[in-house]
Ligand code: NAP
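For reference, the chain that follows is the form predicted on its own, supplied as structure tokens.
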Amino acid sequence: MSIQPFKRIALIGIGLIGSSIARDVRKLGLASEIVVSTRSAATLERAEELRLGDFYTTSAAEAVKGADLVIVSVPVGASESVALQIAPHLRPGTIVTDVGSTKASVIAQMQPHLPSHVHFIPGHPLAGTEKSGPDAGFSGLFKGRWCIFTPLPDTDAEALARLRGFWEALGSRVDEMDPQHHDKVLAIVSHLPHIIAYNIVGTADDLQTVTESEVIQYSASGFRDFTRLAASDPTMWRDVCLHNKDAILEMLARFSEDLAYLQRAIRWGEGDKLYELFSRTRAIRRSIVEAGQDVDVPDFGRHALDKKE
């Protein structure tokens, strides 16, 4: 895909998402210059060792000077702090976007502080792994994955089209949603599964009648894959819970009701109810495969997906 390259892209945050963006921008020639910024001097040094950018700074304010695209890739709880730092240094016409998993909160934190002469377009690429840090990124992370925009009512159409072209060049499929609707969708497809995974792994860790060595040695695929989710960045997921709490609490309440239904069915030996539930959920899995979000091979298709070009 041919798009107009940006002159300077500033990446605020250089973890899994930021470093993957940097690698693809370099590979695809989507910018003349890449500026990398992160608060940690050690992380910045590692990013420089990996040659992820052209310029490096621990100052977000310094990083955005002269940039025509700014991508904020920090835990959502840090969004307001970043907006306050960069706002006075953004040049007119700059596109400012983010990759946060909660959108209503990010908008509330950032929009009031950003000047009217920039184009703020909140975004969320639905891609990632349980790894974190600049070494975790890789080229092709976004290929075939969704990137959701939650544009504001007065968003400039040309800026929106240019940002869409950027993410499509990275291989993403782009969609748009209302911020509140996005947060409710992500609460069920991403946030709740992670919370359940953290809880299940924590329960296994607390069991006194089963030793830790047995839990590790005899892990079947179900528990093993829960541990993959539960290995995700704790800072990021703490912030997600705190900044999408209404939608998450609503989904947890629904989950608790459904869990109580399942508990009763098991207690009273109601096999027909169990069979009906398991058949219905199996169909959901088939739909995910048919939608191209996974492939139907062992290990939930992760190894095969990693090998796809």
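What you are looking at is a predicted structure, and each value in this text was computed from that prediction instead of being measured. The first residue of the sequence shown is number 1, and the count goes up from there.
Below: the form predicted together with this ligand, not depicted.
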Mind telling me which stretch in 86-94, 172-180, 67-75, 154-162 gets its heavy atoms within 4.5 Å of this ligand in the predicted complex?
67-75
Contact flag, residue 132 vs this ligand in the predicted complex, heavy atom cut 4.5 Å
yes
Partner proximity in the predicted complex: residue 99 to this ligand, non-hydrogen atom cutoff 4.5 Å:
yes
So, residue 124 and this ligand: in the predicted complex, are they within 4.5 Å at any heavy atom pair?
yes
Using heavy atoms and a 4.5 Å limit, would one call residue 32 a contact residue for this ligand in the predicted complex?
no
The listed residue (225, 168, 233, 80) that reaches within 4.5 Å of this ligand in the predicted complex by any heavy atom is 233
Can you pick the one in 279, 256, 40, 59 that has a heavy atom within 4.5 Å of this ligand in the predicted complex?
40
Heavy atom within 4.5 Å of this ligand in the predicted complex - qualifying residues of 4-38
13, 14, 15, 16, 17, 18, 38
